[in-house]
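Take a look at this single chain in structure tokens; it is the form predicted on its own.
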Amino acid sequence: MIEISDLTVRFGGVTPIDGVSLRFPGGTCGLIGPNGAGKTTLFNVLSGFVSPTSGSVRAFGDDLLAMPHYRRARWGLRRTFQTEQAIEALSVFDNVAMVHEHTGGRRSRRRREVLDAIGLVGLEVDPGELVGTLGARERRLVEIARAVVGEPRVVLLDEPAAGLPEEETEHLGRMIRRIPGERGALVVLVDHDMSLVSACCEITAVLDFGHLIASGPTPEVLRDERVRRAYLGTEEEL
């Protein structure tokens, strides 16, 4: 469970997060909103790249903001980014193993846990293949394998389906739904593909210009008129 209370972030005269309080109870939860709504800023606060002006964040009872970012990774917080972080000159295995090492995974379990993460995401390539030789779908799966290797407690996925065709997005959705059950991790998914959010997330929160405008069961949230207006500038179905 993640509990965020009265969280505010200011950059000079800009306030990308403004007094947000919300709760992600477990499983896979969605975080949506138009571009510039504050979604990635919130992820940056959770992962330690941005310090808030005020507010609190507790994850499974622990004060997340009291931890330096490197301790959060060892505690079990993982994330993907909108831009790829995997190193093209390294193999799939070495990219995932590097995260396993930096997050405190035991060396004696490294090979088994790295291969297990690669298998979980459905990456059907030789683990020794260089990431730079892979296609877009496979590189995206490497990014997620890096986020689920070992013993994650919170996995933040920042637009993992961006640019993928429908069939590959459906595969991605099936894989994301497996993470809580097979890893015991809470997943927070940011994506603009509402079919993916609907398929994966029981609970969804919506940000607009740094404010929380809706939170609750995903079908109800996506029918909310405020969400339709904020997200698409229309009251038609999302």
Partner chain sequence: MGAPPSSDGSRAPARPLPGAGVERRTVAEGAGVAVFLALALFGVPALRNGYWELVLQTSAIYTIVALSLALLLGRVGMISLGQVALLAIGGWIALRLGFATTMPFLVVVFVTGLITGVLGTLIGLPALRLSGLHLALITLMFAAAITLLLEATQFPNGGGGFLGHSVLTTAPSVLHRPGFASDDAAYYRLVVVATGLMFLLVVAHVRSRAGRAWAAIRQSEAAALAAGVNVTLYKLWALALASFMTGVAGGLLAASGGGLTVYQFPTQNSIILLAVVLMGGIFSLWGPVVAGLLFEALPALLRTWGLPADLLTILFGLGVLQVQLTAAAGLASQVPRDLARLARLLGGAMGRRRGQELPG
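Treat the numbers as computed from the prediction; the structure is a model and nothing was measured. Positions refer to the first chain, counted from 1.
Missing here is the form predicted in complex with its partner chain; even so, the following discussion is about that form.
Colleague: Could you tell me which one of Glu159, Glu138, Glu151, Asp116 places a heavy atom within 4.5 Å of its partner chain in the model of the complex?
Modeller: In short, Glu138.
Colleague: Heavy atom to heavy atom, is His102 within 4.5 Å of its partner chain in the model of the complex?
Modeller: Residue-level check for His102: yes, a contact with its partner chain.
Colleague: Looking in the model of the complex, any heavy atom of Gln85 within 4.5 Å of its partner chain?
Modeller: Yes - in the model of the complex, heavy atoms of Gln85 and its partner chain come within 4.5 Å of each other.
Colleague: Evaluate Glu166 for contact with its partner chain in the model of the complex, applying a 4.5 angstroms cut-off between non-hydrogen atoms, and reply yes or no.
Modeller: Taking the distances in the model of the complex, the answer for Glu166 is no, it never comes within 4.5 Å of its partner chain.
Colleague: Does at least one non-hydrogen atom of His69 fall within 4.5 angstroms of its partner chain in the model of the complex?
Modeller: Residue-level check for His69: yes, a contact with its partner chain.
Colleague: For the stretch 97-133, I need every residue with any heavy atom inside 4.5 Å of its partner chain in the model of the complex, listed N to C.
Modeller: Those in contact are Met98, Val99, Glu101, His102, Thr103, Arg111, Glu124, Val125, Asp126, Pro127, Gly128, Glu129, Thr133.
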